[in-house]
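In structure tokens, the next block holds one chain alone, the form predicted on its own.
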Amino acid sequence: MDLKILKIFVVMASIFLIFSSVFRLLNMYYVVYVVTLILLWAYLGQCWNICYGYAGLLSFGHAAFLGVGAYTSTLLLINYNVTPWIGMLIGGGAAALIGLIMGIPTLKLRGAYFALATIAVAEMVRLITLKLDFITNGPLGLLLPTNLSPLYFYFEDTFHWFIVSLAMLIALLAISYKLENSKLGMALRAVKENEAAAASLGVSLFKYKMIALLLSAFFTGVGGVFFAQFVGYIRPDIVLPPERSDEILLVPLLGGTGTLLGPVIGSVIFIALKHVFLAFFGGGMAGAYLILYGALIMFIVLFMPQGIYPYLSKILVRCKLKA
């Protein structure tokens, strides 16, 4: 791995680790909980980034992969006592299978048509989950056991959840960096930039789009397993609603699609603002933060269409040139 990127990862991990350790020592576990959510949403945002940021597949249905991973692992744990550490692989595989089933008929569609198809698939998964109440307990959802050990992916200390989420994010960023600088990454960027030109050079559009979709779905499914264990209770309206897909894609759109640090920056802004608003305007104004998000998205689309991170990078480059 490039030394500069490695240093960035180390610095980022150190900042999160020191920040959370200080608040843990101060017994401010709610702040550690919020930082863990920031890392989780940065992870999910990077999963979506593989799909759109690298391959140009605009998906509004990633909640389907999140929910499939969460339900698969939870059902295996409750019914067969399978540890969620193994459930991560199985849940990610189940999500990838959904991605395969979704991709075969839809990847030939372009632009808004593919995006609409992903919405339809996510809604189908949600409705099927509700109908299969003899398996999923329908709208009542599933309560995960709480008398487990770390061997079953359960921690009583929030700080341990933070460590796992940080490790997951760093691992995914490292994989994404390798992907960016591989032949596969170059092919995906070619497909995103100009499909006709990529096809004329012998790049199989369907093949590389499918690879991007499967990778994105698999890692999102893994994130769904973490989400289920962390929350301890899953229902269709928690892991499968359309707004969950919107939140996942909002993170890289804010920070910058097609970049490694964009989802991290977007997640910090998204989660921090959400919980600040919930803390000060809870109760009857619990949804007030959505107004701010709408205004923020409009501002970024108008003045920073590539996202916050690319804009900040350009400013830093100009400052260095002037210096």
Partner chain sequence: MITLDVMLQLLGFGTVLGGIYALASLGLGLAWGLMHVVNFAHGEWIMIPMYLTYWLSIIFGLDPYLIIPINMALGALIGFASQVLLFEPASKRGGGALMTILSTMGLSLFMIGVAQALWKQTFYSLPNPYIDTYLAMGPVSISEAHMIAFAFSCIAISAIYLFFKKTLIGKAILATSEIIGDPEAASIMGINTGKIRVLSMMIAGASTGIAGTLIATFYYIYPNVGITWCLLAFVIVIMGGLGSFQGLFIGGVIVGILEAIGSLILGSAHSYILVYAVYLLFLYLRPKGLMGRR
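Note that the structure is predicted; figures quoted are calculated from it, not measured. Positions refer to the first chain, counted from 1.
The discussion below concerns the form predicted in complex with the partner chain, not included here.
K.L.:
Give a yes or no on whether each residue among 115, 124 and 246 has a heavy atom within 4.5 Å of the partner chain in the predicted bound form.
P.N.:
Judged in the predicted bound form, 115, 124 and 246 all sit within 4.5 Å of the partner chain.
K.L.:
If you check in the predicted bound form, is residue 136 within 4.5 Å of the partner chain, heavy atoms only?
P.N.:
No, no contact at 4.5 Å.
K.L.:
Do residue 131 and the partner chain come within 4.5 Å of each other in the predicted bound form, heavy atoms counted?
P.N.:
Yes.
K.L.:
Taking the partner chain as it sits in the predicted bound form, is residue 253 in contact with it (heavy atom to heavy atom, 4.5 Å or less)?
P.N.:
The answer is yes: residue 253 has a heavy atom within 4.5 Å of the partner chain.
K.L.:
Though only this chain appears here, would residue 272 touch the partner chain in the predicted bound form if you measure heavy atom gaps against 4.5 Å?
P.N.:
No, residue 272 sits far enough from the partner chain in the predicted bound form that none of its heavy atoms falls within 4.5 Å.
K.L.:
Exactly one residue in 174, 143, 210, 120 has a non-hydrogen atom within 4.5 Å of the partner chain in the predicted bound form; which is it?
P.N.:
Checked against the cut-off, the match is 120.
K.L.:
Within 4.5 angstroms, counting heavy atoms, which one of the listed stretches 67 to 75, 227 to 235, 144 to 152, 101 to 109 is next to the partner chain in the predicted bound form?
P.N.:
Stretch with heavy atoms near the partner: 101 to 109.
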